[in-house]
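Starting off, we have a lone chain in the form predicted alone, written out as structure tokens.
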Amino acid sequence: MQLISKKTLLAFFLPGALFMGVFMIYPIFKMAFDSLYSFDPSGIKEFVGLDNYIKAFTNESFLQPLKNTIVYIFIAVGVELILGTIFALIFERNFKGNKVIRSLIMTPLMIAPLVAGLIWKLMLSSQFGIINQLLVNVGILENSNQILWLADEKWSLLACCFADIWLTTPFMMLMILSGLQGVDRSMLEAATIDGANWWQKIIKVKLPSIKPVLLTALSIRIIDAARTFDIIWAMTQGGPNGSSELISVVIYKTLTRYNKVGYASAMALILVVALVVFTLVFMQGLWNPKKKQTV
């Protein structure tokens, strides 16, 4: 068999390397460079060192969106993991209509996040939204204006979580379902012989066997949720009063509305570094677990 030459391999690798350099590596270095400067409206820049970073970690305009982002990740990704696992366990079993129902549940994956945000903005409207009307019909609410999902600081972030959960739960389901379908059947048969019931086989065999899949799906979703922008912007634009403002939204506003290039670059670089560190630590623990010490 003829081996491919190094020049041919480099020729195939070059387009991808150029793409990475132009659209990923260069912007990160440019962002790091800009974060050390302060720009006035005329475009003149002044070197300020780490002042933008100090401002970010001492300013409520960054710390509050940071808290919102953590809460958003905890609620959205947590519910997606639970629902995704339940749906995966259901669709792992062969029953009539399995493929049809599974296809319907996966429909949100084909919708853009911006469109999903607009859909849920209409559904959660206090004037003509279907969600409040359904809650009134079942007797939970007295009138459709009792909960202002997008205009009340108590509910706005949770309302955005609804859209994210609806949009991304199918992804979590597919990841977990693929892992469940790869579980060694001999392990399940052995558990059955030992007298394990359905629930015990899930807890003792299936879930431990797909732990790498679960952790990989979690890491992908946490990173994706941390940089969510489309859904928030379509539904609330970070309001009211910044109650649903995530880090990605405050970075966008700081850059486009207030033209603070240096400060926005510093916040963006903090987010990028945090996500990179999280990914490295998470994957290190996933693929290189500590070996058990032997006596």
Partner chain sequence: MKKKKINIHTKLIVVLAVVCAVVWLFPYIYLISSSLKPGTEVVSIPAKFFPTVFSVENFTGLFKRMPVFDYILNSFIVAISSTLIAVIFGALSSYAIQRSGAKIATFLIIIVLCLKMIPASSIAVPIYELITKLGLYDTRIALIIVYAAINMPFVMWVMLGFYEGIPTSIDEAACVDGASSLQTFIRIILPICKPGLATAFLFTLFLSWNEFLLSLLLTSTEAKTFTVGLSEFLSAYSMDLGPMCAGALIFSLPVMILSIAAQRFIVQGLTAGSVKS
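Since the model is a prediction, treat every value here as computed from it, not as a measurement. Numbering follows the first chain given and starts at 1.
Separately, the form predicted together with the partner chain exists; it is not shown, and the next lines address it.
Participant: Where does the partner chain sit in the predicted complex: which of 81-89, 147-155, 203-211, 182-190, heavy atoms within 4.5 Å?
Facilitator: Result of the contact check: 81-89.
Participant: Using heavy atoms and a 4.5 Å limit, would one call I130 a contact residue for the partner chain in the predicted complex?
Facilitator: Output for I130 is yes: heavy atoms within 4.5 Å of the partner chain.
Participant: Could you tell me if A234 has a non-hydrogen atom within 4.5 Å of the partner chain in the predicted complex?
Facilitator: The answer is yes: A234 has a heavy atom within 4.5 Å of the partner chain.
Participant: Hey, in the predicted complex, does E245 get a heavy atom within 4.5 angstroms of the partner chain?
Facilitator: No, E245 is distant from the partner.
Participant: Answer for D51 alone: is it within 4.5 Å of the partner chain in the predicted complex, judged on heavy atom distances?
Facilitator: No, D51 is distant from the partner.
Participant: If the cut-off is 4.5 angstroms on heavy atoms, which of these, A196, V71, L141, V115, is the one near the partner chain in the predicted complex?
Facilitator: By the 4.5 Å heavy-atom cutoff, the listed residue in contact is V115.
Participant: Which residues within 193-229 place at least one heavy atom within 4.5 Å of the partner chain in the predicted complex?
Facilitator: Those in contact are W198, T216, I220, I223, R227, F229.
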